[in-house]
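Following this are structure 1 and structure 2, which are two forms of one protein chain, each written alone as structure tokens.
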Structure 1
């Protein structure tokens, strides 16, 4: 079985803000594109235009409706990929050494030339973050775009995972958790970054920022003054338009006006 390093020089990973993610799946498409059309190993698709399409994706987004105790219901979009755990069970269960964790940065990778497609790592991963590529018969997983982050031919702003670079909401952040002053370390400390299923003891590197309550308003917000009504009784054209609209059938306030 493969051995884990006792420690790593860096702990590269992601912070994912569940309060900001809008579930647009741009990260999913960017990941699929980069790992199929560029440097990464191709991710196959089966029956992409058939009745039951399926394929290999290293990043997925799940959406849930949650009801916080005493709060309003809200939809939470939950991106999921490899968490690059410090105590990664997918590594220690691999019989060929194909799955391994790098000492220099803590990234968990798969050497596809050594992978026999036994699926043990997928069974051991409690997060469902590994996928068997049906075309190639080997296991695929998130690499944190290792072929991007160290690529000197790319502009510096592009040397981050494709999912981070493309997120339109700024919900994904990349950095080194071994550095307490890094952007991901500070974000996690300030917003209460959480481990996914910490009771399993895998010590995932990636952190999730919890969604903020949606049914309360901070009176000190800089936007609060702009939410006050400008006038109580509109005049001019807007006043005339309001009266005309109030005469339309189905206006429940017509009698009041």
Structure 2
């Protein structure tokens, strides 16, 4: 049913830390591997060994540059997958009811056996989170690994999305945003979690932590702490050394000055 639930019991989603992501694409491929083998049709690849290879991916990492006024440019790696919006426009446009937002946890899913592959949901999504599988003709999207997070056959610590489990830098966090005490709610609150394109009113559940301020040492206004010279030449250094060494006690205490 493509009407959105009034509210969901939980709001499961991701926090993605842009200050930590090194752009290694581990999440992209773990997602590809898991979702090729699990929920729904495999994620196909067209021309996998040819010109313009094109596969279905549910998570992709962009690379951006930010050029501050006058300072050094910054590089930001930017993973992007479904944000499981509270007001998900992709759901309401679906003519068949294949797209839906789960009442119990807010995950936006596609029921592939009802999907006619019209592509309208992908058009309605501002973020490029939905991709039509070219071999299967159905819409694919991030399931938040719904077949992992509740899976009794997996050890409890593995009941997280594949991208979160694999992220080497720990830049991805999974949890319930409806619970203000959850890891994701707290991280988002502490580090200023952001919505993408808030002006579109989609109310994304996933939050992005902004990169911390960078290159503050380049700013002339910041006074560099001055390393007070104790000597100016080698001879002076040895004299200073003598003085220091005579102050070094014989045991474990250290003094560097």
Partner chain sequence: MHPATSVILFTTLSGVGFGFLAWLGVDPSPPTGLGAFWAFTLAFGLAVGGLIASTFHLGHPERAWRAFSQWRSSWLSREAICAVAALLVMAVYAAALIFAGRHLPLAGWIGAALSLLTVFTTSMIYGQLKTIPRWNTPLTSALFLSYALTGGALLSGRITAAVMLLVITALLQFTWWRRGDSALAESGSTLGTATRLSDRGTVRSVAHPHSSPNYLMREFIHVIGRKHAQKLRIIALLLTAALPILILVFIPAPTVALALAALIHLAGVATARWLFFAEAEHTVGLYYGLR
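We call the rigid core whatever largest set of C-alpha positions still superposes within 1.5 Å between the two forms. Predicted model only: the values in this text are computed from it and were never measured. Numbering follows the first chain given and starts at 1.
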Which of the two shown structures is the form predicted alone
1
With both forms fit on the core, has residue 242 moved 2 Å or more by CA between structure 1 and structure 2?
yes
